[in-house]
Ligand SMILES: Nc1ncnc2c1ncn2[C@@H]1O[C@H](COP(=O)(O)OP(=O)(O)O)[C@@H](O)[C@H]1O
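For reference, the chain that follows is the form predicted alone, supplied as structure tokens.
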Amino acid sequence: MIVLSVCNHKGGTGKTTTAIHVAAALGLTGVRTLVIDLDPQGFLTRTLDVEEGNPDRTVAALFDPSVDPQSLAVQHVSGFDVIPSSNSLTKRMRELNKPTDVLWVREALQRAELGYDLVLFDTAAAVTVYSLNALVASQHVLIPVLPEYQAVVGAEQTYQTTELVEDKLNPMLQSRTFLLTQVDGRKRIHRTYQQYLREKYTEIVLDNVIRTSTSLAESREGGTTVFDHDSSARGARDYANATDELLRHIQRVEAADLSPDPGPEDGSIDPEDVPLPDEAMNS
């Protein structure tokens, strides 16, 4: 099972739109996909008109060892399944202050038999215990990045965080990939930052980009995706092509078995090695 996080420490980069449409594109190709909304604000959950319901059956249950992950309320939308976020995550965050609290989600996935080909996490635009949980549980990271200054800085900080997580917590984190979003080819600044990212990060920047598109904005209505409205629209074509490229990239990485030494056989982690959210942001 592939586990993928979609994250960028800077908001407004199309992160949640990317999570939704990558999942939808995967579903259309027959990849059984589960999206887990680990953002306490639950923007993905609200965008898809998914009911939160009882917190014990939402993503909040992943942080409760007494709850069986198999009992979570999985809801089907637009070709993929969703475990919704919960308002209780914000309150619970204050309690998750131990170094080992970044391991909850990974351990829950290890206990569960989900039956999916790919699990995708949508995360908050910040370094929190929840976004760290997603990274610790993942093998791959997709970083959506608008080709403008603040978004590029956020993307590079996110990249650095993934390196820290790989080094300290998750040696099975095999790859991180940039996806350029909201690209306007008429803007010189967009061309400049595209060139910067491609020169610095070379092959881990996807060739396909997500261009500005009114069809993507319109697709937010009624809990649908652009594929539900017009599969030939620019936004649909862009996400279909980018998702296909991303999947091929992941498959190449996994086929090459590029993962590092998993470390101690018991999987134990020294609490002193665990980066707290402030450390990860400042690294």
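From 1 onward, residues are counted along the sequence shown. Since we're looking at a predicted model, the values are computed, not measured.
Same protein, other form: the form predicted in complex with this ligand, not shown, and the subject of what follows.
At the 4.5 Å threshold, heavy atoms of Ala242 stay clear of this ligand in the predicted complex, well away from it. The closest non-hydrogen atom of Thr212 lies within 4.5 Å of this ligand in the predicted complex.
Gln182 belongs to the set of residues with a heavy atom inside 4.5 Å of this ligand in the predicted complex. In the predicted complex, at least one heavy atom of Leu216 sits within 4.5 Å of a heavy atom of this ligand.
Proximity to this ligand in the predicted complex, taken as heavy atoms within 4.5 Å, picks out 204 to 212 from the listed stretches 129 to 137, 204 to 212, 77 to 85, 105 to 113. Shown here without this ligand, the chain has no residue in 93 to 122 lying with a heavy atom within 4.5 Å of that partner in the predicted complex.
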